[in-house]
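In the block that follows, a single chain appears as structure tokens, in the form predicted alone.
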């Protein structure tokens, strides 16, 4: 138990130090824009279908759950606003980020881990190049930009999924479903969802690049790095979700003077 706790603390510390190195690298010796664009496009194309499908079903599930509740109070007209607000603020970003952690995080960790154990990263260093600048920074920024875009696209698909479920499951028309979305889904809800999307993207990019870059032990080490990436990313996203929720609620209370 003590050894496991020490490993967890050391892993968190290593991840924080690695994140600081990436930020410092980006501020002092940034990579080329073309490299970031290539990584962004690569990740986006690979994950768009998965994210769209996840977002669609997340929105549909939220609508079904809210339908069971609002019918008891005769407030079916508020279904669209309630389901959309809950999806955008909390459920959507969290579940879609989980999908991306398995798709993007595992792939990036395996790619970097393979380069590490086959000594390709050492070869880059021997040639006088900086692996942090050539490999890590483009992937880090590419994952953040693409993951943020994918999360937003997934949230939009969740609205569509919720709308279709509202029509076929709850039996309401399009106008009735959309009517109360602008009144319930305020600007704060949208900003909260977008902020969560950005934080989750940073957590995902940091963990998968760190785990892949620090892999060792041949093919077995790469597999271990991929598994650790999946577990650490999900735990990190849950913790980040809790922190962003606490911070968001505190800011809202201060703003409202409560």
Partner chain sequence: MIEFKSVVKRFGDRTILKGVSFEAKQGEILFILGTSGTGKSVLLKNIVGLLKPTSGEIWIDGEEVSQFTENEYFRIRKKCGMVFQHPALFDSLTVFENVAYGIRKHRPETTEEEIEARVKKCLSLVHLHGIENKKPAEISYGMQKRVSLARTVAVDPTMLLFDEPTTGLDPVTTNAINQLIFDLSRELKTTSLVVSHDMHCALDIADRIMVLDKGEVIEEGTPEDLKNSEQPLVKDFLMEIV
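Numbering follows the first chain given and starts at 1. Computed from a predicted structure; not experimentally measured.
Not on display, but discussed next: the form predicted together with its partner chain.
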Per-stretch contact check against its partner chain in the predicted bound form, the hit in 120 to 128, 180 to 188, 74 to 82, 152 to 160 (non-hydrogen atom, 4.5 angstroms): 120 to 128
Its partner chain contact at residue 224 in the predicted bound form, heavy atom, 4.5 Å: no
4.5 angstroms heavy atom contact with its partner chain in the predicted bound form for residue 90: no
Partner proximity in the predicted bound form: residue 176 to its partner chain, non-hydrogen atom cutoff 4.5 Å: no
Partner proximity in the predicted bound form: residue 220 to its partner chain, non-hydrogen atom cutoff 4.5 Å: no
In the predicted bound form: members of 20 to 42 within 4.5 Å of its partner chain, any heavy atom: 29
